[in-house]
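Listed next as structure tokens is one chain, alone, in the form predicted alone.
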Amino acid sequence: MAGPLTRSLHSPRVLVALGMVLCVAFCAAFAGLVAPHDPSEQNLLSILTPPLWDAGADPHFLLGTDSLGRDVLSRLIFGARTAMIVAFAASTGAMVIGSILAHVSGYFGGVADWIIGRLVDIWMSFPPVILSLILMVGLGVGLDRVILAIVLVDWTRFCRVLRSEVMVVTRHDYVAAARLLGFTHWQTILREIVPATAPLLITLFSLEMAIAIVVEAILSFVGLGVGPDQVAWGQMIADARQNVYQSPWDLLLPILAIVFTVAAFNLLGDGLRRALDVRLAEAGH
């Protein structure tokens, strides 16, 4: 893994994407220090203040205020915290469940592969966003429930893709040699197969974080995401619709924040795939 990881750090695509991700992660981690105002503080004397580059701007509110006089910049920063928490926690949960089932299915095959394969087929027959909305109706709103809903929906992405890779790796001679040396099945999986599938797993994890951010934004937009005491980009977009003509930047800024963050993770995932995949690296792509 040291070689592929070193190679990925020399990829301009990965470095640019990593810089973008770290920028969002920094805002999320230090939101309380970076944000100039309390994101929930209302100033009814400064409603719909335009951003600094527009006429009538207030220097105290760099990106203006919303319909309740709340600072847009502060809400964007705290929205980044919500997005990153959901992205990391939900992607980790989906990765753990999906990768365990994928390795069991791809390595053992037979009945285990058939049962897990049918479960994935049934689960993936539902549109992911619709299934997330249905789960949120049953689970209720809240950050932890958003994370749980995404985990329950997206573990299938990891399982389906990784299963194929595990089946290929299992046929390699060094896996058979490990069994001949007396390794148990689980020792073989952990010591021989998991390291071989780790590059693909890292790539899928990065791409899943982008998907989780979009799903969280959709759920928050329709009022089934985080609670009213938390800030989310989708929630900001929903609030800004009512005053889109008076203050279009209130709508555009959270959209741009989502696009920037999702693009960063997609670019990172694509860069990691190109750097960690030996076949693509040798082909010069």
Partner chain sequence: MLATVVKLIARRLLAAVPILLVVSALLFCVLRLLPVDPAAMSLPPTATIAQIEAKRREMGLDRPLPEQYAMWLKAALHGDFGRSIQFGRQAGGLVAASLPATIELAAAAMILAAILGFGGGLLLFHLRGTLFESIADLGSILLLSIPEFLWGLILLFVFGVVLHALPFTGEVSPNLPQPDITGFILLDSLLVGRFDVFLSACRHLILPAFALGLAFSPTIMRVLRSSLFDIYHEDYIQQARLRGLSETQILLRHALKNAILPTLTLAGVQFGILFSGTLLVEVIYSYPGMGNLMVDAVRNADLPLIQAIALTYCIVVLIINTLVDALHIVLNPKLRTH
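These numbers come from a predicted model, not from an experiment. Positions refer to the first chain, counted from 1.
Not on display, but discussed next: the form predicted together with its partner chain.
For a residue to qualify, one of its non-hydrogen atoms must sit within 4.5 Å of its partner chain in the predicted bound form; all three of R13, V137 and I237 qualify. Screening I130, V111, V168, L180 for any heavy atom within 4.5 Å of its partner chain in the predicted bound form leaves a single hit, I130.
A heavy atom within 4.5 Å of its partner chain in the predicted bound form is found for exactly one of A28, V226, A35, I258: I258.
Using a 4.5 angstroms threshold between heavy atoms, Y245 counts as touching its partner chain in the predicted bound form. Within this chain, F88 is remote from the site of its partner chain in the predicted bound form, having no heavy atom within 4.5 Å. By the criterion of a heavy atom within 4.5 Å, L251 is counted among the residues contacting its partner chain in the predicted bound form. Proximity of I47 to its partner chain in the predicted bound form falls outside the 4.5 Å heavy atom cutoff. Heavy atoms within 4.5 Å of its partner chain in the predicted bound form are found in exactly one of 137-145, 71-79, 183-191, 88-96, that being 137-145.
Residues are counted as partner-facing when one of their heavy atoms sits within 4.5 Å of its partner chain in the predicted bound form; in 199-237 these are V214, A217, I218, F221, V222, L224, I237, in sequence order.
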